[in-house]
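Encoded as structure tokens, the following chain is the form predicted alone, with no partner shown.
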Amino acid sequence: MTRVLSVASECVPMVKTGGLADVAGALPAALAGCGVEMRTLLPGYPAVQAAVAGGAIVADLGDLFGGPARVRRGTLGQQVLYVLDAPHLFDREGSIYLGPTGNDWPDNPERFAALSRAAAHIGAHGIEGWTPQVLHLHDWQAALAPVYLQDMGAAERVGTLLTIHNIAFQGLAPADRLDALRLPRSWYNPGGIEYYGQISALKAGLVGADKISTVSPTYASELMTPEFGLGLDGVLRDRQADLVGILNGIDVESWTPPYKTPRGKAAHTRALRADIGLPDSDGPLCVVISRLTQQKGLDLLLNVLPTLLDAGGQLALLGSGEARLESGFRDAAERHPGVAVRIGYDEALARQLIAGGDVILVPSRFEPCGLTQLYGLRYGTLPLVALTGGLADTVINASPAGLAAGVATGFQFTPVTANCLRGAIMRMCALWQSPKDWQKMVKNAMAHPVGWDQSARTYAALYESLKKVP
């Protein structure tokens, strides 16, 4: 049995802003059958504290960046959850990362240095008589742990794995915060945590962790290029031998379609149209569930939307984000009866869109792994995706070869331009006119493995390789 402490800044079902939360919530149960005892450490935001109300205090960390800090014990499903109880850092309403003005909380460097330091303390000293053999650190918010672990003299006893969920977020802090963050000055150099005159928490993890993973094999390769590495590609090329891509999975118990065949799906498509105010149509109903940002390529979709509508297709969109995109899609809905838009997020509606849609659109410029295309596959809602990151690794393109072999599960396009997206939409609409081929793809998609089984085994083997003490 390998003992692993997973350290993350968010986790379902308590707090979520993105896919990291889904992964952190799913891994402990997924790994339980693979010889891994995983416990999870989270910051004590109000929602997390509420989930462990009355939980026993199992560690006292003393003063941690301006106030007292303790660790409480709770549960995450059937697994152990530890919560960093530090009210001066985490007892705040609203976004877990952003203040009332929409900007980062000014003390984010201290808030997540505290999370990293608590993880290192547990690695070095144990907790409740339990000592992790591996720290699994997620993104920049946990990435200072290897530095603190070494400073505590425990790096030779505890293995460390850093997972990059999105390299766009790097945890930068001014260099004059070095002492305030209790970081050894010996680490502040170009081969350490220095990044263009600043401290980079993510870079600390990239140079300090024993192994690095990311959430798809293609994204692992992309990160070593200037286009995708965002200034850290050189560091990752230096660590290439220690870098691995492991696909995310989804909870197939929670995400189980209420039908087993394409015919059963049709009733949900009719119900979806009725509920969101779209007229009946013989064309494909395309759905989007996404942050409305340039990264997600939704400006491209707005540009080519007339192509979809002219071919008889429809669009139902749920999301929020950049004001210009929200406004653009709202305007499209006002002008076209074949477009329905809901700004915001609604979990029940998201599931209804996935169940009732014919196609799920994910035209991202980059996508480390992506989960919506996995939900689409599970529900036979064919993904139409850009050829990048995890989208490239999870969807089998409806190319002539893919169709001839009877294995296609969706549509891919590259490069990520409006013209190529337009071409993919035209190919999709043309294939819609061949019900036999379409239904074969739906069956393929629903049979495609999207759970955690294979990835859990890969993680378990990686943890085993990182054990330094039996």
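Here the structure is a predicted model, which means the values were calculated and not measured. We number the residues from 1 along the sequence you see.
Same protein, other form: the form predicted in complex with a small molecule, not shown, and the subject of what follows.
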Please determine, with the chain shown alone, which of 148 to 156, 344 to 352, 327 to 335, 97 to 105 has non-hydrogen atoms within 4.5 Å of the small molecule in the predicted complex. 344 to 352
Touches the small molecule in the predicted complex: G18 (any heavy atom, 4.5 Å): yes
Can you work out whether G205 and the small molecule are in contact in the predicted complex, taking contact to mean some heavy atom pair no more than 4.5 Å apart? no
May I ask you to state whether Q295 is within 4.5 Å of the small molecule in the predicted complex, using heavy atom distances? yes
Is G370 close enough to touch the small molecule in the predicted complex, meaning at least one heavy atom pair within 4.5 Å? yes
Heavy atom within 4.5 Å of the small molecule in the predicted complex - the one residue of G319, P109, P383, G356 that qualifies: G319
Among the candidates F90, W187, Y195, Y375, the residue which, in the predicted complex, approaches the small molecule to within 4.5 Å (heavy atoms): Y375
